[in-house]
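Consider the single chain below, provided in structure tokens and representing the form predicted alone.
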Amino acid sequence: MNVGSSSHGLASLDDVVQHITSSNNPSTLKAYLNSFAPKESRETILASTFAGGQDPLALLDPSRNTLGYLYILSARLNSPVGATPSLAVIESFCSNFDPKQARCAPDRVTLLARGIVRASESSNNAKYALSPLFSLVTRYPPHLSYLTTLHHIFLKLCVSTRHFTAALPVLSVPITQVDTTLSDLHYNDNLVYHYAGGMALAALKQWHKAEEFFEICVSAPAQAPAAIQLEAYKKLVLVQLIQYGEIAPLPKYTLPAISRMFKATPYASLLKQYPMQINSLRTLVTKEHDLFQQERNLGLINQAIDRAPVWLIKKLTATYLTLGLADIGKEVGIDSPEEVREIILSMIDSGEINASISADGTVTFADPIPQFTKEQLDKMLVEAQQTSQELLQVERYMNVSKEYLTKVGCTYLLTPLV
């Protein structure tokens, strides 16, 4: 659409570009771009080209003219008419924009991210949005520890396109900061980010991190539970069964209603029976196969079932000092002694049990011997130091937060003296 000039009293695209290129004050430019025409007309003008068909973006520099470029690009990506900007144009902006200018218009940054996803899906090539979105989510905030609307948009795309490893650089940085002036955040953005993050980490079998992300989603404070929190709890339970063979208590501040809702689902029946012999578990799962598949939990359930013999064998180590392979097979529901041998050898190699197998197939169990390599100890020390630094930064942030100090002051004043 060509709207290069206007004779109807409205600002033209030429006027807009003139303001963008001549302005050196982002706040003043933002005010102009939000008011130069009524909203519907404004978005149409921003998404248009010059009367001669020239592209206004070709006259702008993504770094110097970030704010104006952002308005035009986001409008064009979300316009139902007109040509979609090329991937090269999108990637050039996301790789070169000035973060300080972009932070003046957080709503347009969100609009841009959604427009990039929309354009990629329309072209039946959703994965092409991964690279520009990664640049956005890593360059826009002052640090990746700040939660933004970009986080959950990027993570949802990583999961839907099954490019799970692309999310790891983002997921590796814990969220410790929330600034609503930096991003037009809503409560659900935090839930969706940690839920999608848990899915990506579970797909990569990073069980401990997946558990952490699902738990953050489940235990997020609220007046009433969100549907996504129940879905996260289902996945949290399955991840814990895979990792520990049992579930861990939820944080005390978790809404009790979530646990009550979970008890009314088939997952509670599976949890109650777990671990038991594989055939019995599979019979239980077959009854609810369609539901488990629809909720996309069948993969986790099957992995939990495959791990059931491991937990049954670990229970045997608490009762017996020696036991034959055939006897162990009867206890765990595996007919083949060789299959039992493979499972036990795998458990020995991974350090899950301390045992030996004699030539006649007798398994001798012993108490586990804790073993840590120097590399593991060094890694744990570094992680502890990093966590300590992160907690210190959070504490400093809280100590200068007006909202926090006001609430603490009110709580203190309302607390009766004993």
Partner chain sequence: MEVDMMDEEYAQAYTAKAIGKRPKVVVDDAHPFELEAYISGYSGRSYVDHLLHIMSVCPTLAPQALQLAVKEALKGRDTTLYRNVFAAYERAHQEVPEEIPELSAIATLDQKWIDDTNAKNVAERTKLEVDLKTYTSNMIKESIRLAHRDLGDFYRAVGEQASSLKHYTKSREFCTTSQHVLEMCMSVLELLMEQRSYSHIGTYVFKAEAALDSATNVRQPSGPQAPAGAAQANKEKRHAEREKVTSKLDLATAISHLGQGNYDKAAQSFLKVGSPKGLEDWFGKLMAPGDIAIYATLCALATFPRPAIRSQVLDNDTFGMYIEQEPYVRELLEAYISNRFKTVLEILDRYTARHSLDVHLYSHMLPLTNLIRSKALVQYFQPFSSIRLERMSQAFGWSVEELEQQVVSLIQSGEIKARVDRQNKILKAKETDQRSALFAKAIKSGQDMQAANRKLLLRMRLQQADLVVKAPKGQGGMHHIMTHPSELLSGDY
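Rigid core (definition): largest C-alpha set, two forms, superposition within 1.5 Å. Numbering follows the first chain given and starts at 1. What you see is a predicted model, and the numbers here were worked out from it, not measured in a lab.
What follows is about the form predicted together with its partner chain, which we do not show.
Screening Asn34, Gln54, Thr387, Ser63 for any heavy atom within 4.5 Å of its partner chain in the predicted complex leaves a single hit, Thr387. Only one of Thr165, Thr322, Ser86, Ser269 comes within 4.5 Å of its partner chain in the predicted complex through a heavy atom, and that residue is Thr322.
The chain is drawn here without its partner chain; in the predicted complex, the stretch among 288-296, 344-352, 94-102, 301-309 whose residues come within 4.5 Å of it by any heavy atom is 288-296. Contact annotation for Arg108: none of its heavy atoms lies within 4.5 Å of its partner chain in the predicted complex.
Using a 4.5 angstroms threshold between heavy atoms, Thr362 counts as touching its partner chain in the predicted complex. Contact annotation for Pro225: at least one heavy atom lies within 4.5 Å of its partner chain in the predicted complex.
At least one heavy atom of His194 is located within 4.5 Å of its partner chain in the predicted complex. Although the partner is absent from the chain shown here, Asn190, Asp367 and Met380 each have a heavy atom within 4.5 Å of its partner chain in the predicted complex. Within 4.5 angstroms of its partner chain in the predicted complex, the stretch 154-182 places a non-hydrogen atom from each of Lys156, Leu157, Val159, Ser160, Pro174, Ile175, Thr176, Gln177, Val178, Thr180, taken in sequence order. Here Thr319 counts as shifted, since its C-alpha moves by at least 2 Å between the shown form and the other one after the core is aligned.
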